[in-house]
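First comes one chain, alone, set out as structure tokens in the form predicted alone.
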Amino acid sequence: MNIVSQHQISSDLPAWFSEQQKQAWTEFQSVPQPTRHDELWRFSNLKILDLARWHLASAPADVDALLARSRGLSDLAAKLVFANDRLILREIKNLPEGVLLLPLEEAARDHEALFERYFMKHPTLLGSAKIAALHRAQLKTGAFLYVPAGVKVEKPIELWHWSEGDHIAIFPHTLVVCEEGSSASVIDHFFSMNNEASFVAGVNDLIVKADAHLKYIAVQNWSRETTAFHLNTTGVGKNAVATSLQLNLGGRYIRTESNSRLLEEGARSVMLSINPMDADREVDQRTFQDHLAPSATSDLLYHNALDDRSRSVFSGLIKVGTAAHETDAYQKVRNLMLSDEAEANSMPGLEILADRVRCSHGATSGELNQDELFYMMARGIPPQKAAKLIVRGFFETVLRRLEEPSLEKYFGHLLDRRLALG
């Protein structure tokens, strides 16, 4: 049976959570499908909303092969690996005392009050409320990271979410809570075992309290037959810093929705995205920089490189609330057009309701710099490789915004492999 007619409650989840899932299933069935008249679906491919062809995933067939491929950074604090919505590895290496890294079902059962306080507390505002309700209704497991006040997790934490099987649906979930003065780096991998078709409805919620620092990087390398939704809400407290990077390497159709809420004075949100697109792949990006407090900063930089018949859609809004004086907000989308058949649609926006603000937004589209191309060709670099090196440099500008050499090196290596540069 498909995911729109089959609702299964996991026996691993507590009763209170299962009751919420039943309510979410009712909501999913009642929320109407988006149409061409919905502004939040402007330029989108609505054909991907036919969910009847996907079914719930069964247990993975080759756990050993999945674990062998779940290798990222060599020096980690901890790692969780999920496959087809099942935990297959928990590896705790060097987590400070008091830090919780648990599968969702354990967090909901053993830390009920803490988990329930933060789990999916904010509505989905950027178009995919129906997908968010489906996610909540079908959710089986995911990752919960809680960092207590003042605790600094020095080494990165890795999470892996695998899909295995044809026409399966999975629902990865990540919830990160950084209490006051804490810090952590989280790398969320989203990978396919093979090139079979799959559907993904993923959610991540990031809560960054006063004076805390969080780096969150989502590395997506789904199969070329995958349709995926990745829905994010980030809340940033007083003088806290949340830096997020989306590195979209795979997928057939990828829709990302990022809602960054600047909740208190001095909050800072950095939103980054790297998207090498080719063939007939599509990336659909919706963002909301929501300034609710004074003297906060948000900074968005998205880079898309579009080849063949690929498409990108970007729709982003900076909103400065009535109390958010002295706001600094930036939004920049750059599209590097590598083909005459590629298409880029960009719709940046501003809504300013306060005084004494500094806001800027913009989108650019351009072709390869012919002088740079000629320079490299004159030094014996073949044209195809020269073009790839220019694209690689285009993305490097975004990677440097992580301000952490070990992470820049790791993600640069993944980009090199994606661009066939090494």
Partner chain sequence: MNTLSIRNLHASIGDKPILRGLNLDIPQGEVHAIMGKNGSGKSTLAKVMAGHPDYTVTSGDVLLNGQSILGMEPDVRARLGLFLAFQYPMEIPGVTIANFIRAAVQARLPEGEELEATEYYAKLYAKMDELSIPRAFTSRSVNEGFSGGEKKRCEVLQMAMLQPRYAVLDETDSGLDIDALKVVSSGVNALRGPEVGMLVITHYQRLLDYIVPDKVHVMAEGEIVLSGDKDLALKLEAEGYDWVTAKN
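Residue numbers count along the first chain shown, from 1. On a predicted model such as this, the values are computed, not experimentally measured, just so you know.
Just so you know, the form predicted together with the partner chain exists too; it's not on screen, but the next bit is about it.
K.L.:
Could you tell me if all three of Phe119, Leu126 and Arg136 have a heavy atom no more than 4.5 Å from the partner chain in the predicted bound form?
P.N.:
Zero of three within 4.5 Å in the predicted bound form.
K.L.:
Please tell me whether any heavy atom belonging to Gly366 falls inside 4.5 Å of a heavy atom of the partner chain, as the geometry stands in the predicted bound form.
P.N.:
The answer is no: Gly366 has no heavy atom within 4.5 Å of the partner chain.
K.L.:
Contact between Met376 and the partner chain in the predicted bound form at 4.5 Å, heavy atoms?
P.N.:
Taking the distances in the predicted bound form, the answer for Met376 is yes, it comes within 4.5 Å of the partner chain.
K.L.:
Even though the partner chain is not shown here, does Glu27 get within 4.5 Å of it in the predicted bound form, heavy atoms only?
P.N.:
Glu27: no contact with the partner chain in the predicted bound form.
K.L.:
Consider Phe394 of the chain shown here, and say whether it contacts the partner chain in the predicted bound form, taking contact as heavy atoms within 4.5 Å.
P.N.:
So Phe394 counts as contacting the partner chain.
K.L.:
So which of Asp371, Asp50, Asp64, Glu39 reaches within 4.5 angstroms of the partner chain in the predicted bound form, heavy atom to heavy atom?
P.N.:
So the residue touching the partner chain in the predicted bound form, by this definition, is Asp371.
K.L.:
By the heavy atom within 4.5 Å rule, which residue out of Val31, Leu56, Cys359, Ile381 makes contact with the partner chain in the predicted bound form?
P.N.:
That would be Ile381.
K.L.:
Only one of these stretches, 386 to 394, 350 to 358, 64 to 72, 42 to 50, has heavy atoms within 4.5 Å of the partner chain in the predicted bound form; which one is it?
P.N.:
Contact criterion met by 386 to 394 only.
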